[in-house]
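Quick setup: one chain, the form predicted alone, written in structure tokens, and binding and motion questions come after.
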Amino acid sequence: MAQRKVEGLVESQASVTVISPSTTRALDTLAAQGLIRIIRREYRQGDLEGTFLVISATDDEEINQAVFAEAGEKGLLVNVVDQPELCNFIVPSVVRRGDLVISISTSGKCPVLAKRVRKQIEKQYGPEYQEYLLLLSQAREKIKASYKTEQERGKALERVMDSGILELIRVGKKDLAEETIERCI
């Protein structure tokens, strides 16, 4: 759980410090690459000095309570994983496909449901959506230059989206998808 949270923060280019006596190989690799800092010990009062956002992902109730209390004293954003009563913000489950970002939240009521829905969405919106969105974005720019009214532009973009280019991308026929887009415009 902590690893996934750290990876999301690193992806957002956050400065991340992990405080834990033990870590995963993936976290060790991120540290070796200089992307995160690891302090190999248990949390101590004062560790939150100079931070902006805190995520506690431990099964130790005493530590979670202490992290929440210190964060509250310092006015920090804090999320104790799977304990919405110890959070002043929630972290949605996220599916990323390039610039397509889909967030799923149960407002802390049932994170397991959010995870299940995320997995379903990951299957429905596969990696091909990254390329699809890129091509749609490029098509949109061409459409803006080719049509005068919003109504004409909307119809042209609908033609592109309804043309089957997503399926062409799925089967590796990007060139044919691009030709199809040009015909639709």
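Note that the structure is a prediction, hence the values are computed from the model and not measured. Sequential numbering from 1, following the sequence displayed.
Just so it is clear, the following notes concern the form predicted in complex with a small molecule, a form of the same protein that is not shown.
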| item | value |
| --- | --- |
| Every residue of 105, 108 and 112 near the small molecule in the predicted bound form, heavy atom within 4.5 Å | yes |
| Proximity of residue 118 to the small molecule in the predicted bound form, heavy atoms at 4.5 Å | yes |
| Any non-hydrogen atom of residue 76 within 4.5 angstroms of the small molecule in the predicted bound form | no |
| Proximity of residue 91 to the small molecule in the predicted bound form, heavy atoms at 4.5 Å | yes |
